[in-house]
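In the block that follows, a single chain appears as structure tokens, in the form predicted on its own.
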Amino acid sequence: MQTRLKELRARDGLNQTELAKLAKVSRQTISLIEREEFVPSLLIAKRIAHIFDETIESIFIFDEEEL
């Protein structure tokens, strides 16, 4: 899975701690997602998509082999 999380944080001027607070997760969770070491739950992905006013699919990009 690839993610645009870091790009979107920069666009909206959020640091990892601020995004974590808005998404109700830890800063470490945001860091793991950005490093593509953790796949977020559907609930977390939905919260993050809502924060950035984007679709889940536009933020979290899966290869065909992963599906």
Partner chain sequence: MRMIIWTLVGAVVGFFGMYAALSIDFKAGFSPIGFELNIVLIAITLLLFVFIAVSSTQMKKKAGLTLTGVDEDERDMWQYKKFSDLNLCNTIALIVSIVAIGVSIITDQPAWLLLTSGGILLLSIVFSMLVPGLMKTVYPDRELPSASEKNFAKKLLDASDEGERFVMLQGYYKTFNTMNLSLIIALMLFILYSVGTGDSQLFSIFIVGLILIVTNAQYLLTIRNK
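If you're wondering where the values come from, they're calculated on a predicted model, not measured in any experiment. Residue numbers count along the first chain shown, from 1.
If you look for the form predicted together with its partner chain, you will not find it shown, but the lines that follow are about it.
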4.5 Å heavy atom contact, residue 22 to its partner chain in the predicted complex: no
Residue 15 within 4.5 Å of its partner chain in the predicted complex, heavy atoms: yes
Its partner chain contact at residue 59 in the predicted complex, heavy atom, 4.5 Å: no
4.5 Å heavy atom contact, residue 51 to its partner chain in the predicted complex: no
